[in-house]
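Before any questions on how it binds or moves, here is one chain, the form predicted alone, in structure tokens.
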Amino acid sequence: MTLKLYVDRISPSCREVIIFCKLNGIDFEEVTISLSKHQQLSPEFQEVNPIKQVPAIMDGIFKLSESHAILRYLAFAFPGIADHWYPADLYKRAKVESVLDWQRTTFPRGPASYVFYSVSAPAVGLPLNTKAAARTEKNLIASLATIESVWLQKKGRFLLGNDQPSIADLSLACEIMTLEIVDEKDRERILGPFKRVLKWLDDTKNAMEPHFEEVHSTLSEIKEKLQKQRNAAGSKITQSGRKPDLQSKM
């Protein structure tokens, strides 16, 4: 039976699973679960994942959720997956796990939270929150500093000084790519000071082409849609703020 991926490409966790499958020639059926339409709450999807989150997979009768667990499973369940993705060597694998655990505990929804509070909240009927955006930006910058000073080393193009990417590179890069949705000046302000992070991000993209770019093209579509919504909202505010024309009685 074909592997089924239950995903929404707006989610970095979903994008990493899709890209991994494409990169490694894993045949799959992509089942879109629209988060904006709350399809993750449907009874049908709860049969796949009772936690009501994406991504989730179904491999025959086997069901699994949580993106990092899915990546680990895929790395072992399908033949021909290169060892660099999730090393068999205990010590190398433990290092990859340390990055994955750090990402989940210290970097949770970092870029996604900043994008939500600063750009995309109105798309779900909520106001922008500048205070929350500033707070998440501060945490995000601190995390980027850790990537630059700890996880990226002088040797090797990828995390942990490796010459080839692991699932940790894939997962972290997909999360940081969420910043593509914000204005260029804001992205430059946040990422610009971290030259090694930017170099690593470019190396990761290049190592995973053409699939990395294709899957992340969704972000450009989202950015364009949000811009149109902001323009429409600004137009309404401008029109409502105009004083009515009064005809002279003279």
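Heads up: residue numbers just count along the shown sequence, starting at 1. Keep in mind that this is a model prediction, so the values were computed, not measured.
Omitted from view is the form predicted in complex with a further copy of the same chain, to which the following refers.
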Next on the checklist: Based on heavy atom distances of 4.5 Å or less, which listed stretch (176-184, 125-133, 161-169, 92-100) is in contact with a further copy of the same chain in the predicted complex?
Outcome noted: 92-100
Next on the checklist: Only one of 121, 82, 141, 150 gets a heavy atom within 4.5 Å of a further copy of the same chain in the predicted complex. Which one?
Outcome noted: 150
Checklist outcome for this item: Checked 64, 201, 190, 26 for heavy atoms within 4.5 Å of a further copy of the same chain in the predicted complex; positive is 64
Item to check | a further copy of the same chain contact at residue 41 in the predicted complex, heavy atom, 4.5 Å | outcome: no
Next on the checklist: Residue-level contact is defined here as any heavy atom of the residue lying within 4.5 Å of a further copy of the same chain in the predicted complex; does residue 210 satisfy this criterion?
Outcome noted: no
Next on the checklist: in the predicted complex, does residue 157 come within 4.5 Å of a further copy of the same chain, counting heavy atoms only?
Outcome noted: no
Next on the checklist: How about residue 53 - does it come within 4.5 Å of a further copy of the same chain in the predicted complex, if we only consider non-hydrogen atoms?
Outcome noted: yes
Next on the checklist: Within 4.5 Å of a further copy of the same chain in the predicted complex, counting any non-hydrogen atom, which residues from 61-77 show up?
Outcome noted: 62, 63, 64, 65, 66, 68, 69, 72, 73, 76, 77
